[in-house]
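Presented below, as structure tokens, is a lone chain in the form predicted alone.
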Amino acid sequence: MHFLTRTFSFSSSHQLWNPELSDEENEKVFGLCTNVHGHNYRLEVTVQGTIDPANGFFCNVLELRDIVKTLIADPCEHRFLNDLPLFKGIITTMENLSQVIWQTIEGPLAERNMELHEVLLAETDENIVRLRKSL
């Protein structure tokens, strides 16, 4: 099995806030992140597959690029994530964002014979979430 990873980046702002909590409870749970703030996100999307002997690869990296840019990176660029329809109704933690990203790109990738293996989302060099396919 081969794995191919493509890296993307986008700069966005967000606010960690649960409307079901009081202001004080939100402050306790999310601290300074209750304020609107931004990140230079790094997104890595890894697909897996078996090499096709007819062309020497298992996925077209340009199709992978186009899918993720069109569905995720471009719509998020310089946007307030909490306002995007893509993330409606969720608290915009890395964990929740990565789940929505997975759900959004998995089908379009599969339509092009790319099996999604991992989504890595980093807010900073120190804060990274990995979501992997269950074995």
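One rule holds for the numbers: they count along the sequence shown, beginning at 1. The shown structure was predicted, so the numbers you read here are calculated from the model rather than taken from an experiment.
Omitted here: the form predicted in complex with a further copy of the same chain. The next part is about that form.
By the criterion of a heavy atom within 4.5 Å, Arg112 is excluded from the residues contacting a further copy of the same chain in the model of the complex. Although the partner is absent here, Lys88 is not a contact residue: none of its heavy atoms lies within 4.5 angstroms of a further copy of the same chain in the model of the complex.
At least one heavy atom of Asn96 is located within 4.5 Å of a further copy of the same chain in the model of the complex. Residue contact with a further copy of the same chain in the model of the complex: Leu16 places a heavy atom within 4.5 Å of it. Although a further copy of the same chain is not shown here, in the model of the complex the stretch 13-50 places heavy atoms of Ser13, Leu16, Asn18, Val29, Phe30, Leu32, Cys33, Asn35, Val36, His37, Gly38, His39, Asn40, Thr46 within 4.5 Å of it, in sequence order.
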